[in-house]
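Quick setup: one chain, the form predicted alone, written in C-alpha coordinates, and binding and motion questions come after.
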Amino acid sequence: MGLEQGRISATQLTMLIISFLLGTTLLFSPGGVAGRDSWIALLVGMVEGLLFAFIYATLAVRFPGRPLIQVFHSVYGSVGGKVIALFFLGYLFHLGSLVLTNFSFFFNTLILIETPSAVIVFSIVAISVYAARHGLEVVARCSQVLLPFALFFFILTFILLIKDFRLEHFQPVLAISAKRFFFAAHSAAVFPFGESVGFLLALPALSDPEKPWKCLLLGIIISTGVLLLSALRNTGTLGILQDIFFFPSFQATRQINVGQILTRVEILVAVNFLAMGFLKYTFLLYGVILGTAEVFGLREYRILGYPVGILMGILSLLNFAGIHENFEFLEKVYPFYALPFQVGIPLFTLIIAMIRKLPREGGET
(Lines give C-alpha, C1' and ligand atoms only; values in the text may rest on other atoms or scores of the structure.)
Protein backbone atom coordinates (compact mmCIF):
# COMPACT_ATOMS: atom_id res chain seq x y z
CA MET A 1 0.00 0.00 0.00
CA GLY A 2 1.41 3.40 -0.95
CA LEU A 3 1.35 6.77 0.77
CA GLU A 4 -1.67 7.95 -1.22
CA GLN A 5 -4.78 6.66 0.56
CA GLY A 6 -7.29 8.57 -1.55
CA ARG A 7 -9.26 7.04 -4.39
CA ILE A 8 -10.58 8.57 -7.60
CA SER A 9 -13.16 7.30 -10.06
CA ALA A 10 -12.56 6.49 -13.70
CA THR A 11 -14.45 9.65 -14.68
CA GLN A 12 -12.28 11.82 -12.45
CA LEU A 13 -9.10 10.27 -13.81
CA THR A 14 -10.26 10.72 -17.40
CA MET A 15 -11.04 14.39 -16.83
CA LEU A 16 -7.70 14.90 -15.12
CA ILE A 17 -5.90 13.27 -18.06
CA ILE A 18 -7.74 15.53 -20.52
CA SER A 19 -6.86 18.61 -18.46
CA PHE A 20 -3.25 17.50 -18.22
CA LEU A 21 -2.89 16.85 -21.95
CA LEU A 22 -4.50 20.16 -22.87
CA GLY A 23 -2.33 21.99 -20.33
CA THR A 24 0.24 24.06 -22.20
CA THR A 25 -0.80 22.67 -25.60
CA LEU A 26 -3.75 25.06 -25.64
CA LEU A 27 -1.15 27.73 -26.40
CA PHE A 28 1.19 25.83 -28.69
CA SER A 29 0.49 23.75 -31.76
CA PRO A 30 1.55 20.11 -31.33
CA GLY A 31 3.20 19.06 -34.56
CA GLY A 32 3.53 22.73 -35.47
CA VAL A 33 6.70 22.13 -37.49
CA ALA A 34 4.39 20.67 -40.14
CA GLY A 35 2.90 24.13 -40.71
CA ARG A 36 -0.53 24.04 -42.33
CA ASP A 37 -0.44 20.24 -42.10
CA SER A 38 -0.10 20.27 -38.32
CA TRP A 39 -3.66 18.97 -37.93
CA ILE A 40 -2.76 15.84 -39.94
CA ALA A 41 0.48 15.39 -38.00
CA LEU A 42 -1.54 15.61 -34.78
CA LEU A 43 -3.79 12.72 -35.85
CA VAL A 44 -0.80 10.55 -36.76
CA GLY A 45 0.87 11.53 -33.51
CA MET A 46 -2.23 10.45 -31.61
CA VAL A 47 -1.80 6.90 -32.96
CA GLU A 48 1.76 6.81 -31.65
CA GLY A 49 0.55 8.30 -28.38
CA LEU A 50 -2.02 5.51 -28.03
CA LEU A 51 0.80 2.98 -28.35
CA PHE A 52 2.55 4.73 -25.47
CA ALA A 53 -0.67 4.61 -23.45
CA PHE A 54 -1.06 0.89 -24.15
CA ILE A 55 2.33 0.29 -22.52
CA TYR A 56 1.37 2.33 -19.46
CA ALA A 57 -2.00 0.62 -19.07
CA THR A 58 -0.52 -2.86 -19.51
CA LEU A 59 2.07 -2.16 -16.84
CA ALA A 60 -0.58 -0.80 -14.46
CA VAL A 61 -2.89 -3.78 -14.97
CA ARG A 62 -0.01 -6.20 -14.42
CA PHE A 63 0.63 -4.61 -11.01
CA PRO A 64 -2.91 -3.59 -9.93
CA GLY A 65 -2.97 -1.14 -7.05
CA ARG A 66 0.83 -1.27 -6.71
CA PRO A 67 2.58 2.13 -6.47
CA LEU A 68 5.01 2.68 -9.35
CA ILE A 69 8.00 3.02 -7.03
CA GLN A 70 7.22 -0.41 -5.57
CA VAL A 71 6.97 -1.78 -9.10
CA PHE A 72 10.48 -0.49 -9.85
CA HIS A 73 11.70 -2.07 -6.62
CA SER A 74 10.14 -5.42 -7.55
CA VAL A 75 11.50 -5.43 -11.09
CA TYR A 76 14.98 -3.93 -10.64
CA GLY A 77 15.76 -4.71 -7.01
CA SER A 78 16.28 -2.31 -4.14
CA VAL A 79 19.21 -0.29 -5.49
CA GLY A 80 18.33 -0.52 -9.17
CA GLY A 81 14.72 0.37 -8.45
CA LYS A 82 15.73 3.54 -6.62
CA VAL A 83 18.04 4.58 -9.46
CA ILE A 84 15.34 4.10 -12.10
CA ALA A 85 12.79 5.84 -9.91
CA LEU A 86 15.04 8.86 -9.40
CA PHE A 87 15.65 9.17 -13.15
CA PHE A 88 11.92 8.97 -13.80
CA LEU A 89 11.07 11.49 -11.08
CA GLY A 90 13.85 13.75 -12.37
CA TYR A 91 12.09 13.87 -15.73
CA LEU A 92 8.77 14.79 -14.12
CA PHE A 93 10.55 17.43 -12.03
CA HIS A 94 12.10 18.95 -15.14
CA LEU A 95 8.79 18.76 -17.01
CA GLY A 96 7.10 20.63 -14.17
CA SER A 97 9.74 23.35 -14.38
CA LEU A 98 9.15 23.61 -18.14
CA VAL A 99 5.44 24.17 -17.52
CA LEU A 100 6.32 27.01 -15.16
CA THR A 101 8.69 28.43 -17.76
CA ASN A 102 5.83 28.46 -20.26
CA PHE A 103 3.71 30.36 -17.74
CA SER A 104 6.46 32.90 -17.29
CA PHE A 105 7.14 33.49 -20.98
CA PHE A 106 3.48 33.67 -21.95
CA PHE A 107 2.37 36.16 -19.33
CA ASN A 108 5.58 38.19 -19.55
CA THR A 109 5.31 38.42 -23.33
CA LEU A 110 1.62 39.16 -23.80
CA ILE A 111 -0.18 40.16 -20.61
CA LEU A 112 1.91 41.01 -17.54
CA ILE A 113 4.78 42.55 -19.45
CA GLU A 114 6.32 44.50 -16.57
CA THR A 115 5.74 41.85 -13.90
CA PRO A 116 8.93 40.02 -12.80
CA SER A 117 9.03 36.39 -13.92
CA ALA A 118 9.64 35.23 -10.36
CA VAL A 119 6.36 36.77 -9.20
CA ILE A 120 4.41 34.91 -11.88
CA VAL A 121 6.20 31.61 -11.27
CA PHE A 122 6.00 31.53 -7.49
CA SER A 123 2.37 32.67 -7.48
CA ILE A 124 1.53 29.51 -9.43
CA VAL A 125 3.82 27.45 -7.21
CA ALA A 126 2.11 28.65 -4.02
CA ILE A 127 -1.38 27.75 -5.26
CA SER A 128 -0.29 24.42 -6.73
CA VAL A 129 1.58 23.35 -3.60
CA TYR A 130 -1.56 24.02 -1.57
CA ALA A 131 -3.60 21.80 -3.90
CA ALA A 132 -0.98 19.05 -4.24
CA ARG A 133 -0.55 18.78 -0.46
CA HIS A 134 -4.25 17.93 -0.18
CA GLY A 135 -3.82 14.85 -2.33
CA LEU A 136 -4.91 13.40 -5.64
CA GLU A 137 -8.62 13.55 -4.85
CA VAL A 138 -8.50 17.34 -4.53
CA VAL A 139 -6.51 17.72 -7.77
CA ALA A 140 -9.02 15.48 -9.56
CA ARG A 141 -11.96 17.49 -8.21
CA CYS A 142 -10.33 20.69 -9.42
CA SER A 143 -10.26 19.22 -12.94
CA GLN A 144 -13.97 18.40 -12.66
CA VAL A 145 -14.68 22.07 -11.98
CA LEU A 146 -12.21 23.74 -14.34
CA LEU A 147 -12.33 21.47 -17.41
CA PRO A 148 -15.99 22.13 -18.37
CA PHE A 149 -15.39 25.90 -18.28
CA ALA A 150 -12.23 25.54 -20.37
CA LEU A 151 -14.03 23.46 -22.98
CA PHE A 152 -16.93 25.92 -23.09
CA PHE A 153 -14.62 28.90 -23.65
CA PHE A 154 -12.68 26.98 -26.29
CA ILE A 155 -15.79 25.97 -28.23
CA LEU A 156 -17.12 29.54 -28.00
CA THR A 157 -13.97 31.04 -29.54
CA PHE A 158 -13.94 28.35 -32.22
CA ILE A 159 -17.53 29.12 -33.25
CA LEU A 160 -16.87 32.86 -33.31
CA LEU A 161 -13.93 32.34 -35.68
CA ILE A 162 -15.62 30.03 -38.18
CA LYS A 163 -16.63 32.99 -40.36
CA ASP A 164 -12.96 33.96 -40.68
CA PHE A 165 -11.82 30.56 -41.96
CA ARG A 166 -10.20 30.50 -45.38
CA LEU A 167 -10.03 27.10 -47.09
CA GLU A 168 -7.08 28.24 -49.19
CA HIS A 169 -5.05 28.38 -45.98
CA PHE A 170 -5.10 24.57 -45.91
CA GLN A 171 -3.69 24.21 -49.43
CA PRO A 172 -1.56 22.60 -50.68
CA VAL A 173 -1.93 19.55 -48.48
CA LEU A 174 1.17 17.58 -47.47
CA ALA A 175 3.51 19.76 -49.49
CA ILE A 176 6.30 19.24 -46.95
CA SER A 177 8.82 16.39 -47.05
CA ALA A 178 7.94 13.03 -45.54
CA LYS A 179 10.83 13.35 -43.09
CA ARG A 180 9.56 16.66 -41.74
CA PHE A 181 5.98 15.43 -41.56
CA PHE A 182 6.76 12.30 -39.57
CA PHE A 183 9.06 14.22 -37.27
CA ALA A 184 6.16 16.61 -36.64
CA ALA A 185 3.87 13.65 -35.95
CA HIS A 186 6.38 12.16 -33.53
CA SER A 187 6.73 15.53 -31.83
CA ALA A 188 2.97 15.60 -31.33
CA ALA A 189 3.09 12.10 -29.84
CA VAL A 190 5.77 13.08 -27.34
CA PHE A 191 4.19 16.45 -26.56
CA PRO A 192 1.63 16.08 -25.15
CA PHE A 193 0.49 12.44 -25.31
CA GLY A 194 3.67 10.79 -24.06
CA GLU A 195 3.70 13.06 -21.04
CA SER A 196 0.77 11.04 -19.70
CA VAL A 197 3.45 8.61 -18.49
CA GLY A 198 3.25 10.59 -15.24
CA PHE A 199 -0.13 9.00 -14.59
CA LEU A 200 1.63 5.74 -13.77
CA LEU A 201 1.97 7.34 -10.34
CA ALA A 202 -1.77 7.96 -10.13
CA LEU A 203 -3.24 4.78 -11.63
CA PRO A 204 -2.92 2.81 -8.34
CA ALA A 205 -5.42 5.27 -6.82
CA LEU A 206 -8.06 4.34 -9.41
CA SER A 207 -11.09 2.85 -7.69
CA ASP A 208 -11.44 0.30 -10.50
CA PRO A 209 -7.91 -1.01 -11.22
CA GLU A 210 -9.10 -2.72 -14.41
CA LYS A 211 -9.94 0.55 -16.21
CA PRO A 212 -6.61 2.38 -16.77
CA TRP A 213 -6.67 1.71 -20.52
CA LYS A 214 -10.21 3.06 -20.84
CA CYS A 215 -9.26 6.25 -18.98
CA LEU A 216 -6.10 6.80 -21.02
CA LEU A 217 -7.90 6.01 -24.29
CA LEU A 218 -10.76 8.42 -23.65
CA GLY A 219 -8.41 11.07 -22.31
CA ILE A 220 -6.17 10.96 -25.37
CA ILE A 221 -9.01 10.82 -27.90
CA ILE A 222 -11.00 13.68 -26.36
CA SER A 223 -7.96 15.89 -25.91
CA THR A 224 -6.96 15.12 -29.51
CA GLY A 225 -10.38 16.31 -30.65
CA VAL A 226 -9.89 19.63 -28.85
CA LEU A 227 -6.34 20.05 -30.14
CA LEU A 228 -7.48 19.15 -33.65
CA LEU A 229 -10.08 21.91 -33.58
CA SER A 230 -7.41 24.25 -32.24
CA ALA A 231 -5.05 23.38 -35.11
CA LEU A 232 -7.85 23.83 -37.68
CA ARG A 233 -8.80 27.17 -36.11
CA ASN A 234 -5.24 28.46 -36.16
CA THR A 235 -4.58 27.35 -39.72
CA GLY A 236 -7.98 28.46 -41.02
CA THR A 237 -7.59 31.98 -39.64
CA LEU A 238 -3.84 32.60 -39.77
CA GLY A 239 -2.63 30.35 -42.60
CA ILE A 240 1.14 30.23 -42.97
CA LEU A 241 1.40 33.28 -40.70
CA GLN A 242 0.90 31.00 -37.69
CA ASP A 243 4.52 29.90 -38.12
CA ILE A 244 5.80 33.33 -37.09
CA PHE A 245 3.87 33.50 -33.82
CA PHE A 246 5.06 31.93 -30.58
CA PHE A 247 1.46 31.51 -29.38
CA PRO A 248 -0.73 31.01 -32.49
CA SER A 249 -3.88 30.18 -30.50
CA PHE A 250 -3.72 33.51 -28.71
CA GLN A 251 -3.10 35.35 -31.98
CA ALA A 252 -5.93 33.54 -33.78
CA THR A 253 -8.53 34.51 -31.19
CA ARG A 254 -7.43 38.14 -31.44
CA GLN A 255 -9.13 38.10 -34.87
CA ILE A 256 -12.57 37.74 -33.29
CA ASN A 257 -14.69 40.80 -33.98
CA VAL A 258 -18.47 40.59 -33.82
CA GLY A 259 -20.05 43.89 -34.81
CA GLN A 260 -17.22 45.91 -33.26
CA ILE A 261 -18.76 44.94 -29.92
CA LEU A 262 -17.41 41.51 -29.06
CA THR A 263 -13.63 41.91 -29.36
CA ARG A 264 -10.46 41.24 -27.38
CA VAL A 265 -11.70 37.82 -26.31
CA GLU A 266 -8.16 36.41 -26.52
CA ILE A 267 -8.17 36.74 -22.76
CA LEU A 268 -10.22 33.52 -22.78
CA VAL A 269 -7.17 31.71 -24.17
CA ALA A 270 -5.14 33.06 -21.27
CA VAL A 271 -7.82 31.94 -18.80
CA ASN A 272 -7.92 28.45 -20.30
CA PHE A 273 -4.14 28.18 -20.22
CA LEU A 274 -4.08 29.36 -16.62
CA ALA A 275 -6.64 26.72 -15.60
CA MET A 276 -5.31 23.76 -17.56
CA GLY A 277 -1.67 24.70 -17.04
CA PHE A 278 -2.31 24.95 -13.30
CA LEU A 279 -3.75 21.43 -13.28
CA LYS A 280 -0.85 20.06 -15.30
CA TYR A 281 1.78 21.60 -13.07
CA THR A 282 -0.08 20.63 -9.89
CA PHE A 283 -0.30 17.00 -10.96
CA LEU A 284 3.41 16.90 -11.86
CA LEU A 285 4.28 18.44 -8.49
CA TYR A 286 2.05 15.92 -6.74
CA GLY A 287 3.68 13.03 -8.62
CA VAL A 288 7.20 14.19 -7.77
CA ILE A 289 6.59 14.67 -4.06
CA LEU A 290 4.66 11.40 -3.77
CA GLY A 291 7.28 9.41 -5.66
CA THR A 292 10.19 11.02 -3.82
CA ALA A 293 8.64 10.23 -0.45
CA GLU A 294 8.17 6.60 -1.49
CA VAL A 295 11.74 6.31 -2.78
CA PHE A 296 13.23 7.51 0.49
CA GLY A 297 10.76 5.70 2.71
CA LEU A 298 9.14 8.78 4.23
CA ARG A 299 5.91 8.40 6.17
CA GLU A 300 4.37 11.55 4.70
CA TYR A 301 4.72 13.12 1.26
CA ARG A 302 3.05 16.46 1.97
CA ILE A 303 6.07 17.89 3.78
CA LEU A 304 7.95 17.87 0.46
CA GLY A 305 5.43 20.17 -1.24
CA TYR A 306 7.03 23.54 -0.60
CA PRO A 307 10.70 22.49 -0.95
CA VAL A 308 10.07 20.70 -4.25
CA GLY A 309 7.78 23.46 -5.52
CA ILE A 310 10.37 26.14 -4.77
CA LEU A 311 13.14 24.13 -6.46
CA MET A 312 10.93 23.67 -9.53
CA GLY A 313 10.29 27.40 -9.59
CA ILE A 314 14.00 28.22 -9.38
CA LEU A 315 14.82 25.77 -12.18
CA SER A 316 12.06 27.25 -14.35
CA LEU A 317 13.75 30.64 -14.16
CA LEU A 318 17.07 29.10 -15.22
CA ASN A 319 15.88 26.78 -17.99
CA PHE A 320 16.29 29.17 -20.92
CA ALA A 321 17.81 32.56 -21.54
CA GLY A 322 14.81 33.59 -23.64
CA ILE A 323 11.65 32.44 -25.37
CA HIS A 324 13.54 31.55 -28.55
CA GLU A 325 15.61 28.97 -26.69
CA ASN A 326 12.44 27.57 -25.17
CA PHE A 327 10.85 26.95 -28.55
CA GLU A 328 14.04 25.60 -30.06
CA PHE A 329 14.26 23.05 -27.25
CA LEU A 330 10.59 22.12 -27.67
CA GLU A 331 10.90 21.61 -31.43
CA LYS A 332 14.37 20.10 -31.82
CA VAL A 333 15.46 18.52 -28.54
CA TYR A 334 12.41 17.47 -26.53
CA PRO A 335 11.09 14.87 -29.04
CA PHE A 336 14.29 12.86 -28.43
CA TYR A 337 15.06 13.84 -24.84
CA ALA A 338 11.68 12.62 -23.55
CA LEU A 339 11.69 9.19 -25.21
CA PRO A 340 13.78 7.30 -22.62
CA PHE A 341 11.35 8.37 -19.90
CA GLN A 342 8.10 8.15 -21.84
CA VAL A 343 8.81 4.85 -23.59
CA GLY A 344 12.15 3.39 -22.50
CA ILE A 345 11.58 3.03 -18.76
CA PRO A 346 7.92 1.82 -18.90
CA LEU A 347 8.55 -0.61 -21.77
CA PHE A 348 11.77 -2.00 -20.31
CA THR A 349 10.06 -2.43 -16.95
CA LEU A 350 7.15 -4.27 -18.54
CA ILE A 351 9.41 -6.58 -20.56
CA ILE A 352 11.54 -7.52 -17.54
CA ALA A 353 8.39 -8.10 -15.47
CA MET A 354 7.07 -10.45 -18.16
CA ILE A 355 10.37 -12.30 -18.42
CA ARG A 356 10.63 -12.72 -14.65
CA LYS A 357 6.89 -13.49 -14.46
CA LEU A 358 6.27 -10.72 -11.97
CA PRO A 359 4.33 -10.31 -9.81
CA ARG A 360 4.40 -13.88 -8.62
CA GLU A 361 1.39 -15.58 -7.07
CA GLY A 362 0.90 -14.85 -3.44
CA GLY A 363 2.18 -11.31 -3.90
CA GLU A 364 5.82 -12.36 -3.55
CA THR A 365 8.15 -10.47 -5.90
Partner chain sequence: MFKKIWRKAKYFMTIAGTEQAEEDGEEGMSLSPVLGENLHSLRQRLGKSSDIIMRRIILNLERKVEAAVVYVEGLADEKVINDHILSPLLKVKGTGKKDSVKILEYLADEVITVGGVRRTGNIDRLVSLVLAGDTLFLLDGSARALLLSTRGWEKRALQEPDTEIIIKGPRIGFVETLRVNTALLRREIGHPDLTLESLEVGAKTKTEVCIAYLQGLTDQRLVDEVKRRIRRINTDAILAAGFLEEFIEDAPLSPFATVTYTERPDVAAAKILEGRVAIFTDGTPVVNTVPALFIESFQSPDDYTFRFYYSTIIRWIRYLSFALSILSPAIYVSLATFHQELLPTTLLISMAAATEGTPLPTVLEAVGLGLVFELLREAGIRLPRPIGQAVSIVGALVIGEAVVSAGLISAPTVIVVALTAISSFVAPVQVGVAALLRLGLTVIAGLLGAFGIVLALLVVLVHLASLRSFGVPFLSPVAPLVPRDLKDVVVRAPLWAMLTRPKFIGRDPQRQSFDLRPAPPGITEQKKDSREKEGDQG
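All values derive from a computational prediction rather than experimental measurement. Positions refer to the first chain, counted from 1.
Omitted here: the form predicted together with the partner chain. The next part is about that form.
Q: Would you confirm whether the three residues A53, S74 and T224 all fall within 4.5 Å of the partner chain in the model of the complex, going by non-hydrogen atoms?
A: No residue of the spot touches the partner chain in the model of the complex.
Q: Counting any heavy atom within 4.5 Å as contact, can you tell me which stretch out of 152 to 160, 193 to 201, 127 to 135, 211 to 219 lines the partner chain in the model of the complex?
A: Stretch 127 to 135 is the one.
Q: I need to confirm a contact call. Of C142, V99, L206, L238, which residue comes within 4.5 Å of the partner chain in the model of the complex, counting heavy atoms only?
A: Exactly one residue meets the criterion: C142.
Q: Just to be sure I understand the contacts: of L229, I111, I176, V83, which is the one whose heavy atoms reach within 4.5 angstroms of the partner chain in the model of the complex?
A: For this set of options, the contacting one is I111.
Q: Should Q342 be counted as a contact of the partner chain in the model of the complex, where contact means heavy atoms within 4.5 Å?
A: Heavy-atom contact with the partner chain at 4.5 Å: absent for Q342.
Q: So in the model of the complex, does any heavy atom of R264 sit within 4.5 Å of the partner chain?
A: Judged by the heavy-atom cut-off of 4.5 Å, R264 is in contact with the partner chain in the model of the complex.
Q: At the 4.5 Å heavy atom threshold, is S123 in contact with the partner chain in the model of the complex?
A: Within the cut-off, so yes.
Q: Can you tell me whether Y91 touches the partner chain? I mean in the model of the complex, with a 4.5 angstroms heavy atom cut-off.
A: Taking the distances in the model of the complex, the answer for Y91 is no, it never comes within 4.5 Å of the partner chain.
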